[in-house]
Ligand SMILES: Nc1ncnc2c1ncn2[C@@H]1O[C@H](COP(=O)(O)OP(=O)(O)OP(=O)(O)O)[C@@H](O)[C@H]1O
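The chain below stands alone, shown as structure tokens; this is the form predicted on its own.
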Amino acid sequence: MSDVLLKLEGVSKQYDTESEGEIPRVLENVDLEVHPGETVGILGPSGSGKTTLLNIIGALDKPTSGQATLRGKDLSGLNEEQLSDLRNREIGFIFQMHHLLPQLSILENVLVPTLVHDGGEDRSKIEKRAKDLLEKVGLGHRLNYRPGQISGGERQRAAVVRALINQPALLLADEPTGALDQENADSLFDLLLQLNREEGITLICVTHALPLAEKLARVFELRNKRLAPSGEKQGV
């Protein structure tokens, strides 16, 4: 794993506020390197900046200072159109809520990210990949169902397939099991690890659940605006 897929160097984030006084800093001098095929967990208390960090990694937000690069590209140097294309092709997102479109079938929902591509692609091959992935996650018999007709665990599995349909290099999961019961949470997490092995996809997962995070190869903790390996003491 000599190549670096994702690199954060001195990443800090502040949000402007209308109140007087010092502008609050959410992240401070965060460094991180992630290699292709790795699984990484990020722990931290509520409000510690985990989602902000994931948004910077996923090119949904920009750092106030420091640099975030994906495949050697400085994300801060890309315009909105370039960022949108990068997110669609290189990054898959899974959130706590599935965000499936209720009027579409499960298969149609999975195919939504492929609709922005600029033609020239074999739609039958894309649809076959969608069906194969849905079969792999146990939803092969739910292709024509709508989200309201399947369980919460099944909806989240469909959201995972949607995130993978464009074969991204990086899968970002923000509390993906937060809305599930323990059994479905364990099942979904095991599925993510299986897909990591079989699809070779790099996984970064934000979670508050230590037992789940410990299934990942490397675990970091975000406290006092800084990121450090879990269990390592951090300076204030």
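Keep in mind that what you see is a predicted model, and the values were worked out from it rather than measured. Each residue number is its position in the shown sequence, starting from 1.
Not on display, but discussed next: the form predicted together with the ligand.
Proximity to the ligand in the predicted bound form, taken as a non-hydrogen atom within 4.5 angstroms, holds for one residue of G178, P45, P211, P36, which is P45.
Of the residues given (V40, V26, A59, L192), V26 alone sits with a heavy atom within 4.5 Å of the ligand in the predicted bound form. Although the partner is absent here, S105 sits far enough away that none of its heavy atoms falls within 4.5 Å of the ligand in the predicted bound form. Under a 4.5 angstroms non-hydrogen atom cutoff, the ligand in the predicted bound form lacks T114 among its neighbouring residues. The ligand is not drawn, but in the predicted bound form it has no heavy atom within 4.5 Å of N166. In the predicted bound form, the ligand lies within 4.5 Å of some heavy atom of T51. You can rule out all but one of 182-190, 196-204, 28-36, 51-59: in the predicted bound form, only 51-59 has residues with a heavy atom within 4.5 Å of the ligand. Residues from 82-114 that approach the ligand in the predicted bound form with a non-hydrogen atom within 4.5 Å are limited to Q96.
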